[in-house]
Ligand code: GLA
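Before any questions on how it binds or moves, here is one chain, the form predicted alone, in structure tokens.
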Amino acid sequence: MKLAMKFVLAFFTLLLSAPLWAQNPAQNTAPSAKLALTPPMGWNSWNKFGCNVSEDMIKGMADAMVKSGMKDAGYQYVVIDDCWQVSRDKDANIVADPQRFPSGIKALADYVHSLGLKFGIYSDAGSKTCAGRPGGLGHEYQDALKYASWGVDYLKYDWCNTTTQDARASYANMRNALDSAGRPIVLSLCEWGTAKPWLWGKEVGGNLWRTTGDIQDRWSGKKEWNPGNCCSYGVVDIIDAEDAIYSYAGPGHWNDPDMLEVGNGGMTTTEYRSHFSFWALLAAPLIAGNDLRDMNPEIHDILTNKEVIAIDQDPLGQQGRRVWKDGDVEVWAKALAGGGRAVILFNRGETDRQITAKWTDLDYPESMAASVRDLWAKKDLGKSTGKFSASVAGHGVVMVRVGP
């Protein structure tokens, strides 16, 4: 009897903590209702700068997003990650570091907005952030009002120092708080996939949810941060984790394989091109994590390839998946609006390999003649019937758009 009562109480706790529009989707008038209909695109400070954030650096990055052509390519959000906050004042309002952000967060958000961009910030569902700064636990509605008054457009909400909290209820509470503040704010659930947020993230109003531990700037390999404290992952390990959960992504709610490492120096240009190609095929948020003020031409060309970005931003909103594998060679495909397919021929190995995508693996009839365009060479390859083949470099991809 006691067990049954606990179950009933837990059920009603979740029901009451869920956003009102999730309880009655037909009356979805929340400010967040139409957000992130395609995967968010922007930049975040953490991968390159960690805690070394400041007002001047963020302004410089926003300027660079415009001058580099990234804004024109579709990037919108400039997001400060952890370490911008230092304390709470006597009224428990969150306080930005006055040394690093002397003009305050609102002035910084106004500057970002003046460039035609959107502004994002970071907090944590626990008592402290991952870097030990004040977290949001117990201050959700107060913080949401503050963020709205500052002009925040995007909130990354982490999961450190949460002890016994229920992830679903905690994130539902934060979404309710943001919507109550009256400003449309994208909510990024950074729960690392521990509680399988793809199963419930959409229902609690999450616009994207992390599916794994943190990415690091390497091709492959899982590493513990310290004994018993899991984990960081290479690009290939994260790609593998995304395959089985492709069906949970869609307009307004996306699987998030973490921010991009393109340009941070730990991989080759070929590997970075593969990294970016897969994030596009996986309909992942494209959140750059490099120094936009100092990009070599090869990195710039990867991050601003509009044809690859168009695959990520395709309005059908389907996530791609693996459709064929033989050892180190694979074919991945993504259905596109209008009946086309984005296809990646992927070579995990060290040496060049010939890889073939068969139309039957793309849900096309074998007899169909289809046009093929190479998205990195930006070149039409003519029509093919039944299949398409190409030589693929080690750790590389050939990415094509196929259409009837």
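Quick caveat: nothing in here was measured; it's all calculated off a predicted structure. One rule holds for the numbers: they count along the sequence shown, beginning at 1.
Here the subject shifts to the form predicted in complex with the named molecule, a form of this protein not shown in this document.
Q: So in the model of the complex, does any heavy atom of Y233 sit within 4.5 Å of the named molecule?
A: No, Y233 sits far enough from the named molecule in the model of the complex that none of its heavy atoms falls within 4.5 Å.
Q: If we define contact as a non-hydrogen atom of the residue within 4.5 angstroms of the partner, is C190 a contact of the named molecule in the model of the complex?
A: Residue-level check for C190: yes, a contact with the named molecule.
Q: E203 versus the named molecule, in the model of the complex: is there a non-hydrogen atom within 4.5 Å?
A: No, E203 sits far enough from the named molecule in the model of the complex that none of its heavy atoms falls within 4.5 Å.
Q: Using 4.5 Å between non-hydrogen atoms, is D214 touching the named molecule in the model of the complex?
A: It does: once the named molecule is placed as it appears in the model of the complex, D214 has a heavy atom within 4.5 Å of it.
Q: Select from the listed residues D314, D291, D97, D82 the one whose heavy atoms reach within 4.5 Å of the named molecule in the model of the complex.
A: Going through each option in turn, the one that passes is D82.
Q: Name the single residue among K334, K156, H275, K118 that comes within 4.5 Å of the named molecule in the model of the complex, judging by heavy atoms.
A: If I apply the 4.5 Å criterion carefully, the residue I get is K156.
Q: Is it the case in the model of the complex that A172, V186 and W254 each bring at least one heavy atom within 4.5 Å of the named molecule?
A: No, because A172, V186 and W254 lack any heavy atom that approaches the named molecule to within 4.5 Å in the model of the complex.
Q: Tell me which of 130 to 138, 177 to 185, 315 to 323, 108 to 116 has residues with heavy atoms within 4.5 angstroms of the named molecule in the model of the complex?
A: Comparing against the named molecule in the model of the complex, the contact stretch is 130 to 138.
Q: Pick out the residues of 31 to 53 whose heavy atoms come within 4.5 Å of the named molecule in the model of the complex.
A: If the 4.5 Å heavy-atom criterion is applied to the named molecule in the model of the complex, 31 to 53 yields only W46.
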